[in-house]
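One chain follows as structure tokens, the form predicted on its own.
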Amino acid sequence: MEGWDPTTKSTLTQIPLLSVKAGPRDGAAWTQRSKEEYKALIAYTSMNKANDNDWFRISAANPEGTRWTGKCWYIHNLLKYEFDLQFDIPVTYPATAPELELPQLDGKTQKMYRGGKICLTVHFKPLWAKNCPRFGIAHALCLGLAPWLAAEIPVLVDSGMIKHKDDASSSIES
């Protein structure tokens, strides 16, 4: 955690680490891992709300907990830009991080793969690999999606690639 700003370090230390090394194919162990994931997400969401930094909502989209959907948002110039968020838990999870997708932004930035998958390869994936299996969904949002939104959304807004939903000439509803 050397080199991280104090806020990121403080946030990360408050998200519970996970202990069960199990993926979607691991039956009862996956159920235990899912419970740990929910506890970490609840802790992260509660902490964000307490710090007036609420920026996402997600939930499992299927009973197995392998597909997740929700919304995330970013405030830029006092305007809220909201996006659909979705991802699948890979079968090799937790060794492989989930690929977070913002389908509405597909093709709008070079820091994204086909289908709206945000680019996390250079900075986040080595960190994930080093911390497997202790990192989970909450950590992916905190250390992957949050910095990506902070880096990309202002550039996309300022360049006109995305417009606020109240802008009558909007080409993307944000």
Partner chain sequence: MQSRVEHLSTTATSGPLQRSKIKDMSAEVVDSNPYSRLMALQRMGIVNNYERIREFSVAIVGIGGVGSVASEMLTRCGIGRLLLYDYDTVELANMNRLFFRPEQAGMTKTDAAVQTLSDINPDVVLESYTLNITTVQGFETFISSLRSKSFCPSKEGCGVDLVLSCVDNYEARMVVNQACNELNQTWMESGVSEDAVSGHIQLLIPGETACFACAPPLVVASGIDERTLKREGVCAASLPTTMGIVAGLLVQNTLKYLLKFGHVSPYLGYNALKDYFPTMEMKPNPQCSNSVCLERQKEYALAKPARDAAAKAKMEAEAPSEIECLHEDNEWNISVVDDTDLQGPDVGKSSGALPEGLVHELPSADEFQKTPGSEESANLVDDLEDLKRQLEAINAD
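Numbering follows the first chain given and starts at 1. These numbers were taken from a predicted model, which means no experiment stands behind them.
Keep in mind the form predicted in complex with the partner chain is missing from the figure; the text below concerns it.
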message = Would you classify N77 as touching the partner chain in the predicted bound form, given a 4.5 Å non-hydrogen atom cut-off?
response = no
ask   = Do N53 and the partner chain share at least one heavy atom pair within 4.5 Å in the predicted bound form?
value = no
key: Contact test in the predicted bound form: C119 vs the partner chain, heavy atoms, 4.5 Å   = yes
ask   = Would L156 sit within 4.5 Å of the partner chain in the predicted bound form, counting heavy atoms only?
value = no
key: Those residues of 36 to 57 which, in the predicted bound form, come within 4.5 Å of the partner chain by heavy atom   = Y38, K39, L41, I42, T45, S46, K49, R57
